[in-house]
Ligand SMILES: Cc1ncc(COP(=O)(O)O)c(C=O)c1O
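Shown next as structure tokens: one chain only, the form predicted alone.
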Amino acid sequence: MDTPIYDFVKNYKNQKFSRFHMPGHKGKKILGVEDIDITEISGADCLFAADGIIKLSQENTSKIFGTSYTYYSTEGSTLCIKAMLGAVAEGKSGKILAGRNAHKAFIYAAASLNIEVDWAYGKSDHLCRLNITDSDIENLLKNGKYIAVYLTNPDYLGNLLDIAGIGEICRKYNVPLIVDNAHGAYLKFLKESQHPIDLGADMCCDSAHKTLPVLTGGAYLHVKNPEYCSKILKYLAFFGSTSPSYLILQSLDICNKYLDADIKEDIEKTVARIEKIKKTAKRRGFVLADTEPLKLTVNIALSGYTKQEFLKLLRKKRIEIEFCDNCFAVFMFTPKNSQKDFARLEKFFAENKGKAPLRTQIPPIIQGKKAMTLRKALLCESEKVKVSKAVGRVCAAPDCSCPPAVPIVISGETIEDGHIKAFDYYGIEEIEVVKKDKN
């Protein structure tokens, strides 16, 4: 597969032009990549009006993922989420039905676009894990007029929803399904694809940099339903930077060659290595959560470890992980992890063992009571207060232990006594609230 963006930049570099254009480093190396860091010069195309090398590269990605069109983002899934929301809401009145564990980017986009949201709570035993079924969605769609259903899948701990089943329900009620698939770009390349686009989503975003060999900030916005293509560019430009990183664009471009050739075999081998480590961990008494194939999530509380104790043991072995709190530790893998990485982790579990479970009682998620709209709450004058003094106040900005997660209370909702235990449990000491009117 060709790599038009990378080839253009490489040729430009080799011709040794005098650079009377941005960026200011003029190709002189400081970090080692400056000579291939360019801007939108002649021939380099324009990300939000692509008709040249970027268009060709995006078309390559579209073929790989089987979409009507796939757009690039150099601002992660955050930009994609905002664009998807704008495209699906344009010209329509009504609310969006969203899983409560939506990323902050969704909340800010809804406020910016003045869209009201109803929340699907499903079942949750932790802020970072939410299970929503097709029955949950159908029951909610029966009782309201929604312009879209928005879900996060996989969630931060690796839980996968039944996107195919939920997609059928959405089609039954003629409501588009949008999925934040930030953690699941690789799902397309399993033996049987579990990618949202193949399971019935109308649009989804992938943070390519999370699970594929792409620079941080590289993401895809996949469109299955072509009616949205004419709107997506408008909202990418509306929310996005006019200075996209060509380093990130080149990494997305080069990744196409890898996706087209080697990734399926590499992922299959990686999944097998992870399964071997999981067997060792279970044999040694560690309690694992069910996850997507490229995550390993240890319930450290049920395995008998505190957060501090578990992290200390890992760092002695020079192992750093994605996430850890008092309940769960999350390990993320890709085919780019080395044999040494896998051997080191397997040795870690072989040398340690699970202990008597720690007594933990995770506070339940309390459904929020709306006092004002998302938009009004986020744009009001606000102040930060101790959570112990926040009862009765209106939340201005959501506070989560990790994004995406189930906010304990969300912008526009009233903080109640029952929320305080949850704030304490997850170590949240202060919260942004709407400032009281002095009058």
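All residue numbers are counted from 1 along the displayed sequence. Just so we're clear, the structure is a prediction, and the values are computed from it rather than from any experiment.
The same protein also exists as the form predicted in complex with the ligand; that form is not shown, yet it is the one meant from here on.
Colleague: Check whether S207 has any heavy atom within 4.5 Å of a heavy atom of the ligand in the predicted bound form, and answer yes or no.
Modeller: Taking the distances in the predicted bound form, the answer for S207 is yes, it comes within 4.5 Å of the ligand.
Colleague: Is there a heavy atom of K188 lying 4.5 Å or less from a heavy atom of the ligand in the predicted bound form?
Modeller: No, K188 stays farther than 4.5 Å from the ligand in the predicted bound form.
Colleague: T78 versus the ligand, in the predicted bound form: is there a non-hydrogen atom within 4.5 Å?
Modeller: Yes, contact at 4.5 Å.
Colleague: Would H183 count as touching the ligand in the predicted bound form under a 4.5 Å heavy atom rule?
Modeller: Result yes; H183 sits at the interface with the ligand in the predicted bound form.
Colleague: Quick one: of K278, H103, K307, K231, which gets a non-hydrogen atom within 4.5 angstroms of the ligand in the predicted bound form?
Modeller: It is H103.
Colleague: Pick from 135 to 143, 240 to 248, 356 to 364, 148 to 156: which stretch has a heavy atom within 4.5 Å of the ligand in the predicted bound form?
Modeller: The contacting stretch here is 148 to 156.
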